[in-house]
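In the block that follows, a single chain appears as structure tokens, in the form predicted on its own.
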């Protein structure tokens, strides 16, 4: 599993980096796969409603109505049919890329099992809806899909009578069968929308809509494709003949040749095993759970910052229970907590300047506390020498690749970059531990814990609590969202910082020389 995840991570990192040359971080398609899935869904829904206006459900009328839309009304219904087709294919593509990326990032185990399992159900529903859509065209491809599908279902004797016999000869199939297919093709997507809502129930602020620029670009591309290469039928279905050559849609129908030729035990057994494997993957092997965040009411004033910043709705605010004069207190649900530490980074009591008492935040990670972070900072600073010292605060998902250690550079790990309170940056500079601080984390818009990069940008930009104090100048703090393979970019940044610090030292020396010279003149 680990080897497969590593290969997938490397593949997606390279692909994301390649796309980053052409797209801004917020527009990178690989970082908006879920949102693009919703976008394709809405295109499918709108175009499907339009097509249904012109569609006839009769055996003799279905193909004729689709041909009318494709040829006579190519500029409207024809374009809608092509958009419906290409958006359906696009949904399959982003759905599987999203699944592979989440698997590669290890975002399917622990508290994330719920989204993974509901996602497996969604995949099945998408395929049921898509395959029934091919039946409705009632061309030669629809005939092939209908016969193979029904024969495969009949192998298990799920129905009282074989349903494949409806396709034995031209007079066997009835209009009501098409009415049933239309009902399934419409009902399943509506149920799918409910499952999409369930799929996101454990995700705070899900990214449902892609950036407008990306959405406009994707829609324009599909529109051009619909005009240049419109979706067309493959000749009317004829149950008196067996189709000899067909053009399969390899997004929805790649397994149909196997269903047609392979034994029942292989096809149904393989389908059952594959489904069970996908459902069981979050527990194969069981994930080693990190300790969830805990609340220390003695240091909590119920400010709700942790509640606002939690990426997975693991924190709820309830009525105060300890008698202190505050209205609320947070409660952490261990079954939802990912142990990212973002809540601790938002807590106003995560103050390293505290010396009169133990450093204990109102909410903290037991195995990666603010006190331990301060200790790590002290240890890192103790090894630095010279007047161009740099401390890197780096998040653990990227740290093995970004780790830089020498006599002028030290690295301090945090669970997620969102766990870093801005006060620690102020503390490191004020105490003279470093001449410059580097904040390094996941690629922008691709945070391992979802909001670490976003919240950190807001805190350092002084637009989100807790703010970085104004006494910390911008040139003392550098930010780089390098990701797991951004070591070269980090090295370039460190060289630039070294040059900038050297220039600052020279400017300060020249300024001191001028002051000394002016004083000498005045004395003379």
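Here the structure is a predicted model, which is why all the values come from computation and not from measurement. Numbering follows the first chain given and starts at 1.
There is another form of this protein, the form predicted in complex with protoporphyrin IX containing FE, and it is not shown here; the text below is about that form.
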property	result
Answer option from 200, 128, 351, 218, heavy atom within 4.5 Å of protoporphyrin IX containing FE in the predicted complex	200
Position in contact with protoporphyrin IX containing FE when the complex is considered in the predicted complex, options 390, 91, 377, 443, heavy atoms within 4.5 Å	91
Candidate stretches 151-159, 119-127, 229-237, 432-440, one within 4.5 Å of protoporphyrin IX containing FE in the predicted complex by heavy atom	119-127
Partner proximity in the predicted complex: residue 48 to protoporphyrin IX containing FE, non-hydrogen atom cutoff 4.5 Å	no
4.5 Å heavy atom contact, residue 287 and protoporphyrin IX containing FE in the predicted complex	no
Contact label in the predicted complex: residue 115 to protoporphyrin IX containing FE, heavy atom within 4.5 Å	yes
Residue 185 within 4.5 Å of protoporphyrin IX containing FE in the predicted complex, heavy atoms	no
Any residue of 94-121 that, in the predicted complex, places a heavy atom within 4.5 Å of protoporphyrin IX containing FE	95, 98, 99, 102, 107, 108, 112, 115, 116, 119, 120
